[in-house]
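Here you'll find one protein chain in two forms, each presented separately as structure tokens under the names structure 1 and structure 2.
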Structure 1
């Protein structure tokens, strides 16, 4: 299998114009767009719309109850239509400002060993640089060929970093337009620090909730922390919350909510095959170093470890707080204790089902006074490796000389269900060449060479997908 002459021509043109492409990426990156506090959101939405229009597409900024969605269409009467899902917002930088080696919105190119020249910036990998690189690639195809091999529908939201709160609302209102698409593509460079291409075909669902235990009819101080000498005759909301939490999970990690595992599927034959293959290449030591842990759960290794990671639902305590947590000592019996908890769901668990089971569990254990507040809540999403859009991406990697490591899913969550579940039921793929890292952290970066290869891989992918047999 070889790249076609047409695609090679496009790649050469990308090489010729790359300095200019990089400038366009830097320009976009320099425009802050922090959804958390609103900095530059309006300007960035406008800029993003202009990118679609510059390709000759129709675009509009669609209001939601939050930040708007940039919606666009670029049709060439091609048989296949791809939704380009993207985001124009980035994470805040305020807390970490002093830790950046260059100002986070300066768009500067820095030599960073062992990667060489890198664009160091908020949005370098997550995901404004790759988004602009996608537009660069399309621009070149249009310059060389006059048209794209697929029709594009753009859905570029401004609330990804806020949990895509209003995206379902947008999709609901635009089902008709979006239903013309055959698949969804989220451009996100997929190479790890050593250059290995890592693909994932699904995400877990998530229920992020806050549990609050306050003094009340059952006992405990009701208004404020009181002197801890009262612990002899007044109950504690802290002990109570701890007991409620511990009633949900054994020390060894088994979840004790009645019926919690009822809908957990065993890995499918396809998933199992991917897991076994993946276990051969997946580098346990590198991951341990990256997340700075000395051992994995139950000392698992290989396929067993991968299976545990991908196929287990979890209950995690993201944060817990009560009483006095400053320096030194203060003797108080707190009136309130809070825990932030995330529950990750695997196929075929349902969000509603699990919330109901959690509530029933707390009631059965006598903790019906504990308040449950649901923050984020959305289901898992999953595509088959056989989907033509996935196969097109795999072939793209191979044409560029990479054998991807394919994960049936990742442990994290993202709202791909919005496209993947009814009413749209669309397959999706995430990827592209290039390496970047430190999303949500200081000195977020992407390599300059990675951006160049990314643009080329996008072109390859669009032609691969255009020429693929549609799965029925």
Structure 2
């Protein structure tokens, strides 16, 4: 199996124009788009709409109750249609800006060993640079061939970093238009630091919530922090919140919420076969280096470690805030404590079920006064390796000289359920060549050479999918 001469011509054109392509990517990520506080969101939505229009497509900025969705259509009367799902928002940088080696929205090229030239910026890997690279690739195909091999429908949201709160609202109103598609594609570079292609067939679900404990009938200061000498006769909201959190999980990691594991499914035959194969190539040392940890949970290894990552739900404390944390000393008994918590769900757990069980747990443990505020909340999503859109991506990797390491799902979450479940019931695929890392962290990066190869792989994939046969 070899690349066609048509695709080779497109690849050569990408090489010729890549310096200009890189500048377009830098220009896009230099525009801040922080959905948490609104910085640059309107400007970035306009820029994103212009990318669709530059390809000759029709585009509009569709209002929601939150940040808008950029919707577009680019039709060539082709047999197959792909929804291109993406996001134009990024994470905040304020709390970490002193840790960046360059200003976080400078879009600078930095020599980062051992990778060489890298684009360092917020949005470099998550996911504005890959999104702009997708448009660059499509632009090149149009310049070389005059048309794309598939029709495209664009759904590019501005709230992925907020949990895609209003994306269901958008999809519900546009089911007719979206139902014309055969599959969904999320462009995202898939190579690890050593160049291995890691391919994920699904995502876990997520519930992101905030727990708040305030002084009240149970005890504790009710309106303000008071002198810490009062701890001799007044209860502490901070300790109460810590005890509530502690009641949810044992020291060895077992989650203590009654019925939490009730609907957790065992790996399917397809998943178990993938896990066994994964254990043969899984490079845990590379992952430990990438995320900068010294050991994994319970010191697990091999298939057992992979199974733990893929098939186990989690409760994680993202942060705790309370009282005085500034310089020097200030002895206070706080009147309020907050914890941000995320719960990751695996098949066949349901969000409503787990929220109900969490509330029941707190009530049964005597913590009914603790307020629960739900922020992000959506279920898991999964596709079969046999789906034609997945097979098209696998063939793309092989045409570029890579044998992908295929994972049933990733430990993180994304709102693919919106497309994968009724009423659309569409398969999806995540992928593309290139390496980047440090999403949500200081010095987020993507390699420059990886961006070049990403654009080429996008072109290959579109032609591979166009020529594939749909699964029946």
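This is a predicted model, so every value here is computed, not measured. Rigid core here is just the name for the largest C-alpha set that superposes within 1.5 Å across the two forms. Positions refer to the first chain, counted from 1.
Comparing the two isolated copies of the chain, the second one is the form predicted alone. After superposing the rigid core, the Cα of residue 194 is displaced by less than 2 Å between the two structures. Relative to the superposed rigid core, residue 277 undergoes a CA displacement smaller than 2 Å between the two structures. For residue 367, the Cα coordinates differ by 2 angstroms or more between the two structures after the core has been superposed. Taking the rigid core as reference, the CA displacement of residue 232 between the two structures comes to 10.6 Å.
Core fit done between the two structures; CA of residue 206 shifted by 2.4 Å. Taking the core as the fixed frame between the two structures, we note the C-alpha of residue 321 moving 6.9 angstrom.
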